[in-house]
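Before any questions on binding or motion, here is one chain by itself as structure tokens, the form predicted on its own.
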């Protein structure tokens, strides 16, 4: 095998220009795949973290069935006890409580049906970006029992502004009438139309008083230390709750359960990206195919002489395959190294897209996007390049087995 390897390495440099161009094509394809996959994964991580920190969190603890049918009576009966267990789970950055109810909200001129969400202002600031999304007025404080935050489109529809009052009318958990007058303290704009048009936020204690909730809540919102820790943290929380008889009616959901639309959007974008990458790889594969097909035509006389002196066709085919592997590996290694260095640079400094900072800021997305280099992004693309280019060299190698020694030696 060492002899074949030496011969293969010598043969691929018999035409340095063609070999250099082929290796460059493989290296460029590998570089692009490493960088673009890392950039895609980095953008996905930013999108997910931005979305979950606006409203849902990485994880939620809820009553079973509450996600599908948000009934007022499906509550976490003892949130403080659950919180005590959450404090023992590693990988949780922060958590807070929320309660939700449906109500009619009226201004002097108009009435709309809305979702009223009770939040702990201090805890909410650690798990969501809603505080930074307040465009007019201010965020809630601990003393704002009957104050509210309202989405900009809903405020426009109700024709209300800061310090205006709205009347809330709904049904409490025990079936009683839930009614209150709330003062608008802040108007937010999250960029999520469903939230901005349909949600009013108020202090959790005030919500519990108005809707006869007692100390119960509907959701515990959890932020993990990192997106990659979500699955492990989810399982650890389930383990903490599974042994407690009183908590068997609780479900631990991750962001994929809560935001299936976001997951589907990422999957669709990834599929479209993969199609473009496959096209790029096919172009490189044709380059490899053309290189070795031309090499075989040029070396047909050489192969005929080798067969005439007793060299087996299978050995010559193996030699050509080794040449293909050597050339491809050189290009792939070079592409991975350059692509990884380029990705690491932008992972530290970010990629600034001019003219988009105002739009991105509205959605809580930073004005610089950061690729994320990982083992998958650094190896998946180059591995596919290797497999496809290897397969593309099989046909030229098999062509050697069909050569006739006499005709090959007379080939011009």
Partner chain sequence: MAMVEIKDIKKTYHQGNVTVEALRGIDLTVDTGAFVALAGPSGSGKTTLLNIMGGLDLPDSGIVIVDNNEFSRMTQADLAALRLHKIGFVFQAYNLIPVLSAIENVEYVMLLQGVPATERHDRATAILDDVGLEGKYNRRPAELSGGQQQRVAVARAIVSGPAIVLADEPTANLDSKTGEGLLLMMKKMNKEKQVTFIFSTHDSMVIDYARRLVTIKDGRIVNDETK
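Numbering follows the first chain given and starts at 1. Small disclaimer: the values here were computed from a predicted structure and weren't measured.
Although not depicted, the form predicted together with the partner chain is the subject of the following passage.
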Item to complete: Would you point out which of 288-296, 305-313, 73-81, 136-144 contains residues with a non-hydrogen atom within 4.5 Å of the partner chain in the predicted complex?
Response: 305-313
Fill in: Option touching the partner chain, based on a heavy atom within 4.5 Å in the predicted complex, out of 301, 110, 215, 238
301
Worksheet item: Taking 4.5 angstroms as the cut-off for heavy atoms, does residue 17 touch the partner chain in the predicted complex?
Response: no
Fill in: 4.5 Å heavy atom contact, residue 10 and the partner chain in the predicted complex
yes
Worksheet entry | 3, 6 and 409 all contacting the partner chain in the predicted complex, non-hydrogen atom within 4.5 Å | yes
